[in-house]
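First comes one chain, alone, set out as structure tokens in the form predicted on its own.
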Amino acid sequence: MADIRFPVERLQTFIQAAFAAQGVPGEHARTAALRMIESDLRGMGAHGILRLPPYSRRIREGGYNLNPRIKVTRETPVSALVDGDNGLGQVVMTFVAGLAIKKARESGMCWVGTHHDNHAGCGGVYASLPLKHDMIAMYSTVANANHMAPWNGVDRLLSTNPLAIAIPAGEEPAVVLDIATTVVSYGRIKLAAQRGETMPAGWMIDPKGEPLTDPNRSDEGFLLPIGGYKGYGLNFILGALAGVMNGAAFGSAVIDFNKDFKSTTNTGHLYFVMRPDLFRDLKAFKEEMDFRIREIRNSTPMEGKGPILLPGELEHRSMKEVREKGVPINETLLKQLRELAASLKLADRLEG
């Protein structure tokens, strides 16, 4: 069955109402809904409204602190460590972004780490927040379940540990790289299972190294890193920076939030923001970014291939398409959302 599309504003209101009905304070509900729908807008459905049912279960089972006291526990003019007090990840990371932007505006750059945080969704959403301030940003996190083994190993001690970097341009859309350090995010596995699809060979393997293509059997294997051992190395480094350095969970300390909805995850995030004008005139920087973007885009494609795209171009196109046509919702997810709406007695049951 084809996905059903719903207007962006309707789903954002729906998410906000669902959070509010479960005791999330009004401003926090609004912020979480906005960050989630921004994921859907970017075409990153694995981090959008798809997450509302499991987030809601975590709320019901006491896994979140719905009234967190988010605070800075260590600070310099160019850095901060933020204690998320087990609040909604989207809310904590929005606080972090605001803090980092303020410090970078004053000091030129800022690195913020978090602990006692939670899953926050699409990295590209947070990397993109400083763009309207003409700033560069980098985001990473220790993801909330271990789905990868060390290179040549079989113990699942590593997660998808994503990396997102956003660089502003002038007339051209910003360049936004948003990748997992595994071949795909685990959210893509969830989507494949919901849609009754098989996975391509190369996404996951079993402990014997054989391809695993049934998403419903994902617990029997593990995700592969991008670029072989190089991706594994990058995954570990990001985990050390977002986890170990922040006093957050990493390795065997990571809680699988797909199975455990009660335990505190102590998720760690890293967030870096800087002003390009530390290094050159801002106008000249943006003009050259435009030139290099066009140079790459207009370069010669391989025979039978093309067009040549820059990181973030597909997401930029998705934002326009989704605003015009609506957010696609698959049948399985829609059933879950309708059941949630009924249980919470929401005015909108997503029926029509």
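Nothing here was measured: the structure is a model prediction, and the numbers come from that model. Start at 1 and count along the sequence shown; that's the residue number.
Below, we turn to the form predicted in complex with another copy of the chain, even though it does not appear here.
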Handout entry: Sole residue of L212, L99, A192, M274 within 4.5 Å of another copy of the chain in the predicted complex, by heavy atom
Key = M274
Exercise for the section: Find the only residue in L52, L41, M289, I70 having a heavy atom within 4.5 Å of another copy of the chain in the predicted complex. Expected result: M289
Problem - Proximity to another copy of the chain in the predicted complex (heavy atom, within 4.5 Å), stretch among 29-37, 61-69, 320-328, 303-311 - result: 303-311
Practice task
Evaluate A201 for contact with another copy of the chain in the predicted complex, applying a 4.5 angstroms cut-off between non-hydrogen atoms, and reply yes or no.
Solution key: no
Practice task
Would you please decide whether N216 lies within 4.5 angstroms of another copy of the chain in the predicted complex, comparing each non-hydrogen atom pair?
Solution key: no
Exercise for the section: May I ask you to check whether G227 falls inside a 4.5 Å heavy atom distance of another copy of the chain in the predicted complex? Expected result: yes
Problem - Contact of T264 with another copy of the chain in the predicted complex (heavy atom, 4.5 Å) - result: no
Practice task
Establish, in the predicted complex, whether S79, S107 and S252 all lie within 4.5 Å of another copy of the chain, using non-hydrogen atoms for the distance.
Solution key: yes
Completion exercise
When another copy of the chain is considered in the predicted complex, the residues of 179-198 having a heavy atom within 4.5 Å of it are I179, A180, T182, V183, V184
